[in-house]
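There is one chain below, alone, in C-alpha cells, taken in the form predicted alone.
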Amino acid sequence: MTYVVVARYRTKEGEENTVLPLLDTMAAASREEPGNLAYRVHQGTEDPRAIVLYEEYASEADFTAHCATPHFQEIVLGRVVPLLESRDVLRCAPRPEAVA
C-alpha cells in the first residue's frame, strides 16, 4: 500500500518564479530517494501563485525519511517556506477497494 502526500502552497506575491525552480531541484533529489515512487510539481493555470506537489512513497516511513533529508531541510524548510503565503499538507493512504 502506498502513502501519498499532497502539498498545496501559495507563494507570496511575485515569488512563484523563485519557488518553482527550487521545487524542481527538490523533485529531482526526492526521486532519487529509496521508497519515493513519484514527486510531481504542478502550477495553477488560473492562479500562478498556487502550487501543488503530488508525492508518492512506498510507506509512511519512507515519507518520514524524506522529511529528514538534507535537501528537504535546506530547500523546502530553509528556502521555500519563507517565500510562501500559505502551506497545507495532506497525508493520504488508499482506501480498500470496495466489493460490489
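Quick note: we count residues from 1 along the sequence shown, nothing fancier. Just so you know, these numbers come straight off a predicted model, no measurement behind them.
One more form of this protein, predicted together with a further copy of the same chain, exists but is not displayed; see below.
Among heavy atoms of Asp88, some come within 4.5 Å of a further copy of the same chain in the model of the complex. Contact between Thr45 and a further copy of the same chain in the model of the complex is found at the 4.5 Å heavy atom cutoff. The closest non-hydrogen atom of Glu74 lies beyond 4.5 Å of a further copy of the same chain in the model of the complex. In the model of the complex, Pro82 stays away from a further copy of the same chain, with no heavy atom inside 4.5 Å. In the model of the complex, Tyr39, Arg40, Val41, His42, Gln43, Gly44, Thr45, Glu46, Ala50, Val52, Tyr54, Glu56 are the residues of 35-56 with at least one heavy atom within 4.5 Å of a further copy of the same chain, listed from first to last.
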